[in-house]
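Take a look at this one chain, the form predicted on its own, written out in structure tokens.
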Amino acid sequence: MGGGLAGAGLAGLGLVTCSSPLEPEETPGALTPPSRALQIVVVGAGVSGLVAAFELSRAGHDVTVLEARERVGGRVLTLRSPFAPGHFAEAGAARIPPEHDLTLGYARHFGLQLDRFYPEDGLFLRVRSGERATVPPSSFLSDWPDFVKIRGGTDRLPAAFANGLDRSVITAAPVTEIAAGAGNTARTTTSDGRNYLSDRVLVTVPVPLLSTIRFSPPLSAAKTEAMNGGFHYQSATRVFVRFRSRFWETDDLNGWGTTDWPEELWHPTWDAPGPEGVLLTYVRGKRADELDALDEEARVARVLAHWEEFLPGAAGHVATGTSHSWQRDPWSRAAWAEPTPTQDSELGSPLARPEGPVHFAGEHISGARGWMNGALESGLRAAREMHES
């Protein structure tokens, strides 16, 4: 996922941070025991929904998480196939900036190990106007903060949340209806006709997916405008190629770089053993849309043809390839929220506002859109909102 700071529309939401070291049993978003335990349904097992459910459950509330996919994590997706054993690559959230204290705090709480995201040796590529240049690590990395990654894959973080929730997460359960009832209660219905009664519902799905749920009463005019296309989201696609050998190392390249396609070139297996390696292209916007118009085989072929311009002979080392488009993912429909300043000013705060017993969270209503830290921040805000109600 990408990242960007939210604008004026999120002012006054009470963002949660954790700047001090944590004891092993502590969490960045711990809640005090409630005066009354609530029954709470969380819609969506992405990072925002999972952290809210985790902290609400730890505080003593009765929480059920309903997830449309057959997995948890949302836009955290670690691919382990079709790569060599022990190799993996991230289709979604991958790198953690040093100031993202919520993400780092929960990683510490769950005992997850962190590694450098970028290598500190080998040459980085920089391609401009067809000209290939190599850049030493000291120069290339000066443009990037000290990113880290979760050892073993980013999906270990949502998995840790889900494990902490025991049997409270129900997958393959798309929500089709949320109806507010008398006495500030709600009924949530899934596609198989099951009903879940609760005191509160927390909806954490991306804004475009709000239109797939029937709300009774209907959502506010602002939320309706946003879910019908009035709140812009960014496109992002990654194409992964498994190579039989790390041929680029013969030129002392480390497999990382940038081009004016535009793209980021990543080598996610740079610190993994074995002769094979995986390179990926990370593109956004119009270039992502261009690749999305192709089928999988043509998408990989298009990227390889492009790479031949600055990695000649790459096609001769290919084992296989794959890709992931967040726009084509039916339970995301886009990569991350990137509203215009006007959209943010007019719709940002209304998107976070509860409607009766129904509350809302997600990276789209956070101070760090496109990052796990934003999803965590928003989920904790909503959890505290329900807890204190």
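Nothing here was measured: the structure is a model prediction, and the numbers come from that model. Position 1 is the first residue in the sequence shown; the rest follow in order.
Although not depicted, the form predicted in complex with a small molecule is the subject of the following passage.
Colleague: What is the one choice in I213, L304, L112, A159 with a heavy atom within 4.5 Å of the small molecule in the predicted complex?
Modeller: Checked against the cut-off, the match is I213.
Colleague: I need to confirm a contact call. Of H317, R126, R95, R287, which residue comes within 4.5 Å of the small molecule in the predicted complex, counting heavy atoms only?
Modeller: Partner contact (heavy atom, 4.5 Å) among the options: R95.
Colleague: Where does the small molecule sit in the predicted complex: which of 341-349, 30-38, 43-51, 56-64, heavy atoms within 4.5 Å?
Modeller: Heavy-atom contact with the partner occurs in 43-51.
Colleague: Do all of V76, P174 and V205 end up near the small molecule in the predicted complex, with near meaning a heavy atom within 4.5 Å?
Modeller: Per the other structure, all of V76, P174 and V205 touch the small molecule.
Colleague: Against the small molecule in the predicted complex, would M227 count as a contact residue? Criterion: heavy atoms within 4.5 Å.
Modeller: Looking in the predicted complex, residue contacts with the small molecule do not include M227, since no heavy atom lies within 4.5 Å.
Colleague: I'd like to know if Y118 sits close to the small molecule in the predicted complex, meaning any non-hydrogen atom pair within 4.5 angstroms.
Modeller: No - in the predicted complex, heavy atoms of Y118 and the small molecule never come within 4.5 Å of each other.
Colleague: When the contact criterion is heavy atoms within 4.5 Å, does L102 count as touching the small molecule in the predicted complex?
Modeller: Outside the cut-off, so no.
Colleague: With the partner left out of view, is Y282 within 4.5 angstroms of the small molecule in the predicted complex by any non-hydrogen atom?
Modeller: Because a heavy atom of Y282 falls inside 4.5 Å of the small molecule in the predicted complex, the answer is yes.
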